[in-house]
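Shown below, as structure tokens, is a lone chain in the form predicted alone; questions about how it binds or moves come after it.
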């Protein structure tokens, strides 16, 4: 992990009418790290991801990627630069087979420009490359699952499909919005090595999560949000020991339980 920030959020503020969803939120994301963003429901976690990725426009503030401002750019432009995201409510092309969901991003300008998946120039057979990516994130290659319509896939596979679509763009940053939500413990256990491998391959990961015990196994630094503001940031141990976090987010018993098994 580099000390150099790859992504910088500066004074991000978003008002919806008279409701201040974000209030001058600032944090940096270091190149190659796994950063966790936690907080109660309604604390602004998804809003800040939407602002970073261009799905909503900030009222004020800036977002920098590699030191260059991307504030206000449309989502497809930000994705083309290498900043991708998953959605808490999955958004596949439900009428297409799973592997065909990957053919579409493999036709993107970024995929063409970077020379194909993993830089191997393998754009000639996008169907095969799509199945390769699905296999990498946990689809059984020799089964019928990659060929099933996305509308028939259970939640665990749809979550993986979200990650696969990000990988097809050869991202530098993946923002994961509750990728563990709705998964069983065994499904989460099989996802954790994927996150670790992304980091080993140099991909920066930002994770919004409520599954704290699992998040703390992969995230080295945590940003805690509450009522649209950044409450604190630091290591999992530091943020969970903070009295403000205990009061605003958890009961003290829940904090102890999480940290015992983290």
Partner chain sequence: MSDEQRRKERLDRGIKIRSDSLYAIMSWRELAYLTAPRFLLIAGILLLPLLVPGMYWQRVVSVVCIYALLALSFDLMAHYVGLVSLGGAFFIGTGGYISAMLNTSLGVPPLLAIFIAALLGGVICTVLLLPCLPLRGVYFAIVTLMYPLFLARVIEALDIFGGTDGIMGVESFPNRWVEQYFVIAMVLLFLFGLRRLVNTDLGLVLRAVMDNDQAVKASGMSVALFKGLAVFIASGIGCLAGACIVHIYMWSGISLFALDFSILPIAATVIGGGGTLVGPVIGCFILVPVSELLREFGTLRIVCYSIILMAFVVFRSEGIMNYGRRKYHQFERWVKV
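The structure presented is a predicted model; accordingly, all values stated were derived computationally and were not measured. Positions refer to the first chain, counted from 1.
Below, we turn to the form predicted together with the partner chain, even though it does not appear here.
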Legend entry - 4.5 angstroms heavy atom contact with the partner chain in the model of the complex for residue 92: yes
Inset, instruction - Examine residue 126 and determine whether its closest non-hydrogen atom to the partner chain in the model of the complex is within 4.5 angstroms. - result: yes
Legend entry - Distance check, residue 227 to the partner chain in the model of the complex, heavy atom within 4.5 Å: no
Inset, instruction - Consider residue 165 of the chain shown here, and say whether it contacts the partner chain in the model of the complex, taking contact as heavy atoms within 4.5 Å. - result: yes
Legend entry - Selected contact from 174, 131, 79, 153, since only one has a non-hydrogen atom within 4.5 angstroms of the partner chain in the model of the complex: 79
Inset, instruction - Consider the chain as shown here, without its partner, and state which of 183, 169, 158, 137 has a heavy atom within 4.5 Å of the partner chain in the model of the complex. - result: 169
Inset, instruction - Look at the candidate spot formed by 87, 96 and 103 and say whether the partner chain comes within 4.5 Å of a heavy atom in all three of them in the model of the complex. - result: yes
Legend entry - Contact segment among 145-153, 106-114, 175-183, 188-196, judged by heavy atoms lying within 4.5 Å of the partner chain in the model of the complex: 106-114
